[in-house]
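As structure tokens, one chain now follows by itself in the form predicted alone.
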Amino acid sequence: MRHSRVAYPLTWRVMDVFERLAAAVWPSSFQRGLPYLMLLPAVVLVGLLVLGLIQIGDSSLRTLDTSTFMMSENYTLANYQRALSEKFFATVAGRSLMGAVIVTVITLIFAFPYAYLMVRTPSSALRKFLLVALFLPFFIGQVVRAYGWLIILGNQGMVNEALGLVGVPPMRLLYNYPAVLFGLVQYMLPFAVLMLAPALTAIPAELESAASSLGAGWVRTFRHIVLPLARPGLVGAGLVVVTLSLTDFAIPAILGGGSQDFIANAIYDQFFRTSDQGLGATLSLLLVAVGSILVGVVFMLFGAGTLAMGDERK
């Protein structure tokens, strides 16, 4: 009886050659160093970040000589004293912090039911529609979206034209604080939903069914089951939204019209408009410090949420 001979595929031969080359370049004795080699790019990036912060720290201790527009050679705390004492910077910092908190709260209020419906809906068509609507903004740049709101909310925009049809005079919907907050909420919503969806998916639907069978209404089920178990997602989403809102530049610059600057806009002005790199570096370090303190407080009070690598359930 004659056995059929199966030809050895050419692609397998090519892969064998690559395997032999890899074994020659990276012997098996080097396997212990493989995790460290994979970690090397992250270490390099963090090292560059640390070097950048050191350079910024050095610049923050030097003042600008307005006669020569050169940085001083002597170290001084004048930039820190100016940043902490001038009313303008205090106003910008307060506006940024308050705006970040307001945006975080509103974003979580809107993102939670969106994520819950996307996770719990039995309709695959509705789930796909919600996913597409969620990811579509990521394909449109933040600046493009902000300019889109200029067209929609401008004095001659679609909203004011629609109001004019019912006899309402044009309203100023742009270049104010609410417009900046609105733009930030619209921008941060997809990030919050993406952080909440895994936490809600991890909650077994049977728990809600069991609570309902025991006589608990939807409100009690939400308060005592869904909300506590979704806390990691809420914390993670809140951390992402508050940090991104605090450091945002484009939305306050475009929708605020230069009158509702956040800290990032003030830093930009110092670096590129007044050429005061020392003061700009000082504001940058203060922003890093404020953001780190804010995140640290949240970690101490609520934990790291879905940003934690391990399981936080006790």
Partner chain sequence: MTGSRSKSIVIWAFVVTALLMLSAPTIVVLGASFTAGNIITFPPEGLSLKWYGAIAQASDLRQAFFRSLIVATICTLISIPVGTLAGIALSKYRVRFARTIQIYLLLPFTIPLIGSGIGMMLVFGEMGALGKLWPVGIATCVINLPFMIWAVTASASNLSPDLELAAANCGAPPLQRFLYITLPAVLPGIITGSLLMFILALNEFLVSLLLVDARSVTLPVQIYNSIRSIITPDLAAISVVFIACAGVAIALLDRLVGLDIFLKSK
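Everything numeric in this text was worked out from a predicted model, so none of it was measured. What we label the rigid core is the largest C-alpha set whose atoms superpose within 1.5 Å from one form to the other. Numbering follows the first chain given and starts at 1.
Heads up, the form predicted in complex with its partner chain isn't pictured, but that's what we're talking about next.
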How about residue 85: is it within 4.5 Å of its partner chain in the predicted bound form, going by heavy atoms?
no
Can residue 247 be called a contact residue for its partner chain in the predicted bound form at 4.5 Å between heavy atoms?
yes
Non-hydrogen atom contact residue 267 with its partner chain in the predicted bound form at 4.5 angstroms:
yes
Would residue 144 count as a contact of its partner chain in the predicted bound form, using a 4.5 angstroms cut-off between non-hydrogen atoms?
yes
Since exactly one of 177, 80, 222, 89 fits, which has a heavy atom within 4.5 Å of its partner chain in the predicted bound form?
222
Identify which of 98, 105, 171, 152 has a heavy atom within 4.5 Å of its partner chain in the predicted bound form; exactly one of them does.
152
Within 4.5 Å of its partner chain in the predicted bound form: residues from 154-173 (heavy atom criterion):
156, 158, 161, 162, 165
Could you tell me whether the Cα atom of residue 47 shifts by at least 2 Å between the shown form and the other one after core superposition?
yes
